[in-house]
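What follows are structure tokens for two forms of the same protein chain, given separately as structure 1 and structure 2.
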Structure 1
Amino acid sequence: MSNAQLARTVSRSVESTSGRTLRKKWGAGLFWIFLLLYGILTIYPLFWLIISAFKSNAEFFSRPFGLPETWLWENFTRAWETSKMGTAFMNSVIVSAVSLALTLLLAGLTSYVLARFNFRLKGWTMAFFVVGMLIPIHSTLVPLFILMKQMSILNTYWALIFPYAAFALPTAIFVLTAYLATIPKEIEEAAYIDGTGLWGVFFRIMLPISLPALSTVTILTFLHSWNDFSFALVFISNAALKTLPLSITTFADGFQTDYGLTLAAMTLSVLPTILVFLLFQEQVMKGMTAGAVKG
């Protein structure tokens, strides 16, 4: 090969490498722009909720997307006192915490059996729980109301705890069973050789290892229990047992709505859900990245 041909070949190679590098930079730039727009679209509703909570009713309509001219901090104190959010907040905490504990206990035990043991009708049992994910919640309101009236548990915490746990179980079992099935059986066998019993293996080995999956279930179950409106509206009529979604409706009647107080109450009610997500997001991310690099 002559020197001229060698120079042309090197030149083409340099141009090709430069072109690939430029395309990669454009691709990375467009990807980050897309992520930035997606992040703004995701966060903006929460930002709009918070700034609107400081506005008066008139300013809410005159400047719906602008910052408040006067920041009305008293909206939060008025919302808290007017709708008796203290009582509603405690009711929501009790109902959500008990239904979450019940869901984690039952889903953990059921998932452990389904993931680690072989028995007849195992596939049908798993299918039974998976089908539960397809049942529309609102289609069960009337039969559940009749059932709870016969059981005399209407207007009690159990009228909300039982349905919340029951409807959270299919998703929880699905997630936990899939995660537990990926844990090597050698870990259990080593524990049995060291003298650990079945319950010890479950509580001291399997549950700690399953923390990422349990965190995911915790976030999903808590969000559903905390934000539910339909079950609380139908099953609870006692004002002392109303949960947060019901207490927020006190600012709206058939003639007018106080949007400032409503949005202030919604801002206060959304804070625990953000706190729960921040507490468990690290474990959820660990579970996702562990699955991504496996194999």
Structure 2
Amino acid sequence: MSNAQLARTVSRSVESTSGRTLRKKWGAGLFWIFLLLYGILTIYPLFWLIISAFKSNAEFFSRPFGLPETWLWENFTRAWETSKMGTAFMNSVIVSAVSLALTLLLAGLTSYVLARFNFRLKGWTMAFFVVGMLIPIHSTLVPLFILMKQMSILNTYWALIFPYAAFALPTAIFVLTAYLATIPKEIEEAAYIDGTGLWGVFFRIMLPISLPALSTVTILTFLHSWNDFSFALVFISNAALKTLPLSITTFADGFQTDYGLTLAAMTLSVLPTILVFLLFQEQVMKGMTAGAVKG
């Protein structure tokens, strides 16, 4: 090959690779622009909600996509007061916190027993709980309503706390038992030898050890009871006991035409979960997928 030929081949190949990389770059760029658009599209409804919550009714019509010209912070104070959201907020906190505590305690005890002790009917007990994951929650609305009416706990906090905890148990037990199975038994055995009783081992060793799995269960259970609508709709009719999702729908029905006010109330009701999510993103995302991914 002569020098000239060589130079030509080299320059041609350089040209074609640079052309290819350029096209590749363009393709990748377009792809990322498309992705970015998708991301904006998914976040837009939420963005629109928060922006519109600051608008007056007139602006809501005249500039549906623009930023508000004057930011009406009083929409939020008015929404908080007129919707009596403070009460709904407290109700949601009480119901979610108590059912969470109940779930953690009961699921913790059950998982400790299922993961560490042998007894007859152990397989059946496990199966009994796991089957619960298959039961569609709404099919129990009517019979639960009748049951709780006869127990006279309809329209009390218990009408929500008990079902939330009961329906959270199967997943919680599943996650916790699987986690405990991966933990070596030596630590508890040392404690037994030191004379610590079974309850002591449970509270002082098993619960602290299961902290990672417990946080997963916490995220799942809390989000579920905080956001639940159907149980609250059926079991609670007393306005003073309504939780956030329920009271927000009642409020929206009553103030349909005051858009800024309704949207401000909706924004206030989603703010807590959004803030928690932004603060603990990785934990929340990991927590919600526990059990779905086989390692």
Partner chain sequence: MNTLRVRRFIALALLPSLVLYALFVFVPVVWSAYYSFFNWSGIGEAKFHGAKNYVELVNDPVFWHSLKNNVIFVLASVLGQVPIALVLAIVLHKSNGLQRFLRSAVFMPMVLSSVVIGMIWQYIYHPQIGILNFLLDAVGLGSWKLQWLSDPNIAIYALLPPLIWNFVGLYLIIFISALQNIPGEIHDAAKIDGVSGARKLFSVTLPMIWGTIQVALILCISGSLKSFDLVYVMTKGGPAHATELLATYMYNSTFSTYRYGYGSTISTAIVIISLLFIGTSQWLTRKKAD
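C-alpha atoms forming the largest set that superposes within 1.5 Å between two forms make up the rigid core. One-based numbering along structure 1's sequence throughout. From a predicted model like this one, the values you see are computed outputs, not experimental measurements.
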Out of structure 1 and structure 2, where do we see the form predicted in complex with the partner chain? 2
C-alpha of Leu241 off by 2 Å or more between the two structures on rigid core: no
C-alpha of Trp48: shift of 2 angstroms or more between the two structures, rigid core aligned? yes
Residue shift check between the two structures, rigid core fit, Trp73 Cα at least 2 Å: yes
Aligning on the rigid core, one finds that Leu275 shifts at its CA between the two structures, in Å, by 4.9
Once the two forms are fitted on their rigid core, how many angstrom does the CA of Gly29 move between the two structures? 11.3
